[in-house]
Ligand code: UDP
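Listed next as structure tokens is one chain, alone, in the form predicted on its own.
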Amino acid sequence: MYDYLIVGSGLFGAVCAYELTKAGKSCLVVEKRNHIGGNIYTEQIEGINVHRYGAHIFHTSDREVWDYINQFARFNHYINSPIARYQSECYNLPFNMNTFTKLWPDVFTPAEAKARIDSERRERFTSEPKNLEEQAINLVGETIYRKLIKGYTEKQWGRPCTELPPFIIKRLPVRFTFDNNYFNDAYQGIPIGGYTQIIKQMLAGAEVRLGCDFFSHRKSLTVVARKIIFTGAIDQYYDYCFGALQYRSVRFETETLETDNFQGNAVVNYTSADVPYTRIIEHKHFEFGQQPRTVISREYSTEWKKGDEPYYPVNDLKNNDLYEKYRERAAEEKKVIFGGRLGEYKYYDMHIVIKNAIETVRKEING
């Protein structure tokens, strides 16, 4: 009999396993995939650490979390500075003075950029925006919306911006400095050697079963441990009894190219509607690689259906209300703890996942 059955070997499950093992608890970790690490799994191709399930850039302003993750790997000084490609034009992200001076050739100063954006906002301002398009134009005006938001957002969500609720874009980061650093956090980087090594160390004290689908072995697995930490989809755990929550999924096309440098940047977003993928990741640039070949991944945002891998919760009012029913039922559980992006139906950055997992174990150990 194990103390804990942990369903899922992603970041939340791995941190829980590490902390519980450190506290003297026995853990069995079951993972339906054939590898550990969940969506932060990295694999080596051509000597390059490839982020199989999309780019994962670690960033935080929480010193405790930064020190915690650094005990498992040394991080480089990678700074996330994505590029947006709109048709034959390239722009810096997030929206900053480099972006504005390229969008408007007669804009050179922060005051001129503010004046241009304010002028465009006033031209089409809507006092009560009814959709994402109206909300975005209220925030940044027509030019930025049309070139850098509209096409990308419609691909990401699979529907026109005029059909998306305005609260999806509550705010848009606009900087009036020449700073391409996407994040404002104090600490940022990529683990040298990839993320899989981190998860491997976290799981070292636990028993791990790969290729083991909890739902295929549910009856036998639920009796092998005193408690369960479940990091899968909460609606699936309850057999969709209140209905299925909505997600967006992602399809990846990864290929090796006979060149040492394909796009000159780790992340390039494609904001035109006529380009089917949302972005291209060139993995070697996360670790400043000098390999003779390169590996790229094209990302396609897709509608999720049962059986697909859920990536992004669709946190609109309808789905949040539905999740609340599952959360209330989960609160009655004495033996099961739900955690992580799917267990709590919320998109989390990695540093939040770590903090939540640590706090979950502390609560368990300290009662």
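Source: prediction; values computed, not measured. In this text, residue numbers run from 1 along the sequence as written.
In what follows, reference is made to the form predicted together with uridine-5'-diphosphate (UDP), a form of this protein that is not presented.
Look at 200-208, 106-114, 267-275, 120-128: in the predicted complex, residues with non-hydrogen atoms within 4.5 angstroms of uridine-5'-diphosphate (UDP) sit in 267-275.
At a distance threshold of 4.5 angstroms between non-hydrogen atoms, L93 is in contact with uridine-5'-diphosphate (UDP) in the predicted complex. Looking at K284, you'd find every heavy atom of it more than 4.5 angstroms from uridine-5'-diphosphate (UDP) in the predicted complex. Q156 belongs to the set of residues with a heavy atom inside 4.5 Å of uridine-5'-diphosphate (UDP) in the predicted complex. Y182 belongs to the set of residues with a heavy atom inside 4.5 Å of uridine-5'-diphosphate (UDP) in the predicted complex. A heavy atom within 4.5 Å of uridine-5'-diphosphate (UDP) in the predicted complex is found for exactly one of A225, I149, M97, I280: I149. Of the listed positions (V140, I296, I169, A73), a single one reaches within 4.5 angstroms of uridine-5'-diphosphate (UDP) by any non-hydrogen atom in the predicted complex, namely I169. Contacts between stretch 344-367 and uridine-5'-diphosphate (UDP), counted in the predicted complex as any heavy atom lying within 4.5 Å, involve Y347 alone.
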